[in-house]
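Here we start with a single chain on its own, the form predicted on its own, put down as structure tokens.
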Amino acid sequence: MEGATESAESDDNRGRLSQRLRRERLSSYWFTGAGYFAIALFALIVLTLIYQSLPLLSEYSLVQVLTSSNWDPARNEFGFLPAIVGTIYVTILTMLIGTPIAILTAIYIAEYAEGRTKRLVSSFIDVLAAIPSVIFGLVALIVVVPFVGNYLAPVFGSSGTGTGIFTVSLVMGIIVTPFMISLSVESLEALPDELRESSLGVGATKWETIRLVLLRAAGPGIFSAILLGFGRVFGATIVPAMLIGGQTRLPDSLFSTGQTLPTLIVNDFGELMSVPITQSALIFVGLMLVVVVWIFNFSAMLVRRRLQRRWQY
């Protein structure tokens, strides 16, 4: 009787184990399928963009479209240099404005703020990150544009309405900062307390501990936060479209109006997509955005791995 009971329990255990193994195998298939689906989707997007860009590249050389500053689709002139320069200006200036603010704020929240103050500042950072970009654009049209046009630009000898590269960069710096702060704070707070105690124990001050130990240990995470900010700025559309002025010409100062690659697509998409060669030109702009972001992310991944190996704690 006991032997029969043990045999039944053994069969039951084998059945449950077999069921768990089946579920695990099925889950593995799903995860593998999802990974290959993501790769296939990316390849499909890139191939579509390449195929749709061929009409433009069959009539104009790559060097010609990348180095020409003449953008006039009505005359079949497709020079992307002004939009490329505008994109580079906006991205660099935004990161120069946003990155120091993000890192210093993250250090304050993670290492200095305590109790209610820390919760209050962190909650405001989260709220800022959740506000839609178009709201920042509307507020900037009312507040930032008149301030830049009437007061700031004249100080540097420039004139204009206040829309332009500097205004876009200033507003985008505010938009991307909360994301970089949140990720940087997580990286700093994830460090073990023993790291801080060891540094303070050998006589280092708190600032020396932050500068020489914590920032190095959290470096890969902070670097990833900066990359996220770069990606958001490079592909930003609505705020640059509202504030940059929409002039496809080479900017002669940081307060000049201009154009970025995403705004070039947005501004000309509706009325010009019916013309095949112009449609191909705008799709080529999308291809450039994808290629640049992919190259940057791949390079950043290599740099991040190098930092992780060098700054191990």
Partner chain sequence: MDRYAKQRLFELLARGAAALVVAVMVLVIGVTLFRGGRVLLTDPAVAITPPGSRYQLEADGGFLHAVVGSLFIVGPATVVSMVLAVSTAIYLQSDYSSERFSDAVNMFLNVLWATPPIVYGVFVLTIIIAIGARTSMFFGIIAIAIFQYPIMTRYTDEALRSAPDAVKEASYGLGSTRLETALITVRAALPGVIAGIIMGFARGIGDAATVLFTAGRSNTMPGGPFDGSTTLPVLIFDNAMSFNDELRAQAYAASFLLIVAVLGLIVVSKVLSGRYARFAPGGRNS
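Computed from a predicted model, the values in this text were never measured in an experiment. Numbering follows the first chain given and starts at 1.
Form predicted in complex with its partner chain: not shown, discussed below.
- In the predicted bound form, its partner chain sits beyond 4.5 Å of every heavy atom of E77.
- A residue is said to contact a partner when one of its heavy atoms sits within 4.5 Å of a partner heavy atom; F147 fails this definition for its partner chain in the predicted bound form, lying far away.
- The closest heavy atom approach of K206 to its partner chain in the predicted bound form falls within 4.5 Å.
- The shortest heavy atom separation between L96 and its partner chain in the predicted bound form exceeds 4.5 Å.
- Annotated contact segment (heavy atom within 4.5 Å of its partner chain in the predicted bound form): 105-113, selected among 80-88, 152-160, 215-223, 105-113.
- Judged against its partner chain in the predicted bound form with a 4.5 angstroms heavy atom cut-off, the residues L44, I131 and F179 are in contact without exception.
- Annotation for 132-162: interface residues with its partner chain in the predicted bound form are P132, V134, I135, F136, L138, V139, L141, I142, V143 [heavy atom within 4.5 Å].
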